[in-house]
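Taking the form predicted on its own, here's one chain by itself in structure tokens.
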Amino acid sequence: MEQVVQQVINWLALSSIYALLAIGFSLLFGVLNVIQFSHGDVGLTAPFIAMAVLAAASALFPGAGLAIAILVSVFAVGVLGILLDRLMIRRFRTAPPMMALVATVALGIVLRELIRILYPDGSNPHPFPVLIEGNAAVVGGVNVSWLVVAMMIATVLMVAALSAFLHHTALGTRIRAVSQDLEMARMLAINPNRIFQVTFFIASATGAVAGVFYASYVGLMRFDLGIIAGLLGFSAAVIGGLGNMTGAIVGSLVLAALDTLVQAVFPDGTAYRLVVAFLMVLAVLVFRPAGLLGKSVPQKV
């Protein structure tokens, strides 16, 4: 029984991280129709920024240094997303999809190498602190840490806030208008570039929260963590239906459940978790290319 409860807790924790990453992928694809393959690398710069800010923040604000460092890192990554869009990604909006895909893959490599080179001893893993110490409760004989509780609550609140923003604010309505029909949005005097910037900020900042949670959950940060985190977030978005926020959440739950099950059931399951996860992605692409909740859109040729 204890093992079952522990695996459920692991499932919920991983689902929270995957969901935040998958939402960013879906939001960017839904609005820009571009797969931002460096999204995971952008989000996973947040732990490095947070640790760089922490030293100064701790001296100025004892006891609140980590919280301030995290807030600064989330905002900084949101701004980084805007800068990357303005400097490079916007140049590929009207280009063939393959060009944008290759460009964002290359961008991810650049970000990882910059961290490795510029961060002190960047090639090696660095410890990352637990955001919230202690246990919140004991369920079935298993301790549930405050970190896992905070991750789940933060994910639910962020998803609810983002849904409310997209459906009940004027700016959110403009974002949905651009995602549905860019040319019609232009005719209605909506500035697409402003919408793209807001979208990049929201998606990148959401990815930064996922990056901080991921680093705290595993207890370390590495310059190459963004590769796996990004692939898992993208896989969750594809399983649920790329461009569909609800689908991103469902895909995250499915992918995290599969990930947890493989590690729990199979000997040395950690070594095979990615194999099984990506086999699931392949199966979805073969039998339901639009994803579990996505809808196929017919095109006239």
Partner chain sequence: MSDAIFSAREVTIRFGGLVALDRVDIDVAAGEILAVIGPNGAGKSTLFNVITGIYAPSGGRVRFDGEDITGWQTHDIVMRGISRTFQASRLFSDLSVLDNVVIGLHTRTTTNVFEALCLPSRSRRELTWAAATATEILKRVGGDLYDRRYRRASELAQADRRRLEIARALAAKPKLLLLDEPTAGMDDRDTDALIEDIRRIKADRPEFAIIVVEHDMRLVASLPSRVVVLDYGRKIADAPFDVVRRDPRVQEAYLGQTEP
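Numbering follows the first chain given and starts at 1. Small disclaimer: the values here were computed from a predicted structure and weren't measured.
Keep in mind that the form predicted together with the partner chain is missing from the display, and what follows is about it.
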Checklist entry - Are Gln180, Met184 and Ala189 jointly within 4.5 Å of the partner chain in the predicted complex, each by at least one heavy atom? => result yes
Item to check | 4.5 Å heavy atom contact, Asn124 and the partner chain in the predicted complex | outcome: no
Next on the checklist: Taking the partner chain as it sits in the predicted complex, is Arg86 in contact with it (heavy atom to heavy atom, 4.5 Å or less)?
Outcome noted: no
Checklist entry - Should Arg174 be counted as a contact of the partner chain in the predicted complex, where contact means heavy atoms within 4.5 Å? => result yes
Next on the checklist: When the contact criterion is heavy atoms within 4.5 Å, does Arg91 count as touching the partner chain in the predicted complex?
Outcome noted: no
Checklist entry - in the predicted complex, which of 109 to 117, 144 to 152, 213 to 221, 192 to 200 comes within 4.5 Å of the partner chain (heavy atoms)? => result 192 to 200
